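In the form predicted on its own, a lone chain appears below as structure tokens.
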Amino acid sequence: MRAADRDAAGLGPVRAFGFLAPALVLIGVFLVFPALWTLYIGITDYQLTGPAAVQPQVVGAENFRTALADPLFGNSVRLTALYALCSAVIGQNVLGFALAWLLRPVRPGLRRAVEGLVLLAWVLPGPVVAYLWFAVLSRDGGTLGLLLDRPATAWLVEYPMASLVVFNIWRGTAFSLLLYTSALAAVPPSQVETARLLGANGWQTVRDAVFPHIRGHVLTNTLLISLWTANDFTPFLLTAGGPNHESEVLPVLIYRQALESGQLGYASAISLLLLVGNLLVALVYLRLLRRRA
């Protein structure tokens, strides 16, 4: 193929690179450099204060070995997986699709009102949402305790992970709702009607007539919300990882090791392990998408 055929816009290599340069600079400054810097910090004994803050020493893979042998790290990995699975993969996926499916025949005005209310939970800043839920779950006059006639129940202390799962489902369902609403609009209505005429119930219609058309959207949505949830720092605003590390997901563990304990090198090593985990999850989803294609 000739160069002129490859360059359909007629920009030439220099001008084309000029258009790409701003994006490449932003990626380099905000993604590549922080990742490389974190890698460097992760192989040192860098600390927030003390002699190691001025002259950190390279310790190689010691931080990684310490993390893999640390019970707190193992506990955080388990809690992060549970948090992402229950609140994102299951909760947000199922509720987002259910809302999108149920709102299809609803009048446009009512549908937009419901979508707006769901979106409101998503667009509000994290600290604001965390404060609202803290007021709902508080032991001192919390709304949930009053509604259930259990005013003395400390929900965030007695049921920390369950509280975080419900909170994240409530907050993050809007993205799944929007994505599935768009996906369902592309499903041929004739196939849905045919399935109903053949006597299929609701679940059979979704499984046989709808899901084959939106399978790629399901995988894409699951990938995005899983990664967002696994890297979410909002749980710190509700429980701070407590009580007794029972809700200490990986982002909270990294924060506490870095800023509370001052172990920046160790915290960076955990960050890199979290990054590797994210990449492995992304590769699994991408492989599934490629198999579908």
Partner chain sequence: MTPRRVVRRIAASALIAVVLAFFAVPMLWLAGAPFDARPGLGLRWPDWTLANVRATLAHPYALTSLANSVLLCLVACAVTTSSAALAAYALSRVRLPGRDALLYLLLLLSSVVTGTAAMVPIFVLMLQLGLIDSRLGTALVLAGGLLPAAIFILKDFVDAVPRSYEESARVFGASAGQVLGHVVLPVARPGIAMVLVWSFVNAWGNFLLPFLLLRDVGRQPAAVLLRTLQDEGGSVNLAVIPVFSLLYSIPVVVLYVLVDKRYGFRFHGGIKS
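Residue numbers count along the first chain shown, from 1. These figures come from a predicted structure and were not determined experimentally.
One more form of this protein exists, namely the form predicted together with the partner chain; it is left out here, but the text below deals with it.
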- Note which of Leu72, Val157, Leu119, Leu82 lies within 4.5 Å of the partner chain in the predicted complex, where distance is taken over heavy atoms; exactly one does. Leu119
- Query: Only one of Pro108, Gly199, Pro125, Pro189 has a non-hydrogen atom within 4.5 angstroms of the partner chain in the predicted complex; which is it?
  - Reply: Pro125
- Is every one of Pro34, Leu224 and Arg290 within 4.5 Å of the partner chain in the predicted complex, counting heavy atoms? yes
- Message: My question is simply whether Pro151 lines the interface with the partner chain in the predicted complex - judged by any non-hydrogen atom within 4.5 Å.
- Response: no
- Is Ile254 one of the residues lying within 4.5 Å of the partner chain in the predicted complex, judged by heavy atom distances? yes
- Query: Might Gly142 be said to contact the partner chain in the predicted complex, defining contact as any heavy atom within 4.5 Å?
  - Reply: yes
- Val58 within 4.5 Å of the partner chain in the predicted complex, heavy atoms: no
- Using the arrangement in the predicted complex, list in sequence order the residues of 216 to 232 with any heavy atom within 4.5 angstroms of the partner chain. Gly216, His217, Thr220, Leu224, Leu227, Asn231
